[in-house]
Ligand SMILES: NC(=O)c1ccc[n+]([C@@H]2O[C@H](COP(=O)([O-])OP(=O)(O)OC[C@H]3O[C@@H](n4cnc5c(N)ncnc54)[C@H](OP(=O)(O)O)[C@@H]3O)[C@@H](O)[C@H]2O)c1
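Take a look at this single chain, the form predicted on its own, given in structure tokens.
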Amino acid sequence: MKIGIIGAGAIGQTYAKLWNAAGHNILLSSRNLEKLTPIVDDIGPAVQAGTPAEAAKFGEAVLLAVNYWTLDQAIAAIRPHVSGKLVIDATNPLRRKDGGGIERTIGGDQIAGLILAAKLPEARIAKALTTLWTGHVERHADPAAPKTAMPFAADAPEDRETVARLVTDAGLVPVSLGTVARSRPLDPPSPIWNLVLTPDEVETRVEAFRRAEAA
């Protein structure tokens, strides 16, 4: 599959490496192309470098993996090229606090995937690859025998199938949480946030979280 990756930070680089190793065609993008070239060269000769617009145009699927405070800039760059395409939202609604630490930037009853869907209605939005620190992914990803869960959400069955395949190709176990409207557990804070879990552990924690929110 041809995958355009928007953002060359830790998430973009990690999945570029894993998907390149699985045989996918990758175009990794950044607003700073001069910094991107050595990164792409290090990943492998089959990985291309480009702008966010070029990555969006290139990809059959697009991974959106930018800092949340640059989300609107990224959307403006990719919007002309993602109509009808699957955009996998790997952004986290977080920002750095003055004095250190991080904080959630959206309301407690808001869902990041739905916010993106409203901002980018031309695309088909899925939410994935947000809950596990890339250091954990690098340590636990095992394409030969995946064990570590990676939960995701997507609306259409074919999009769930595509995301599940990409999660598996990254060496993780896909766990569907249903539609994007039910993807609140993928946003921080939640009981599956940044923990190395099995699929059964994810499902148990998500069920308890949803029961508590509904109470």
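Numbers follow the displayed sequence, beginning with 1. What you see is a predicted model, and the numbers here were worked out from it, not measured in a lab.
Separately, the form predicted in complex with this ligand exists; it is not shown, and the next lines address it.
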Given 117-125, 103-111, 141-149, 90-98, the stretch touching this ligand in the predicted complex at heavy atoms within 4.5 Å is 90-98
| said: How about Tyr68 - does it come within 4.5 Å of this ligand in the predicted complex, if we only consider non-hydrogen atoms? | reply: yes
Exercise. Would Val82 sit within 4.5 Å of this ligand in the predicted complex, counting heavy atoms only?
Worked result: no
Would you classify Val196 as touching this ligand in the predicted complex, given a 4.5 Å non-hydrogen atom cut-off? no
Point to revise | Close approach of Ile11 to this ligand in the predicted complex, 4.5 Å, heavy atom | key: yes
When this ligand is considered in the predicted complex, the residues of 15-51 having a heavy atom within 4.5 Å of it are Ser29, Ser30, Arg31, Asn32, Lys35
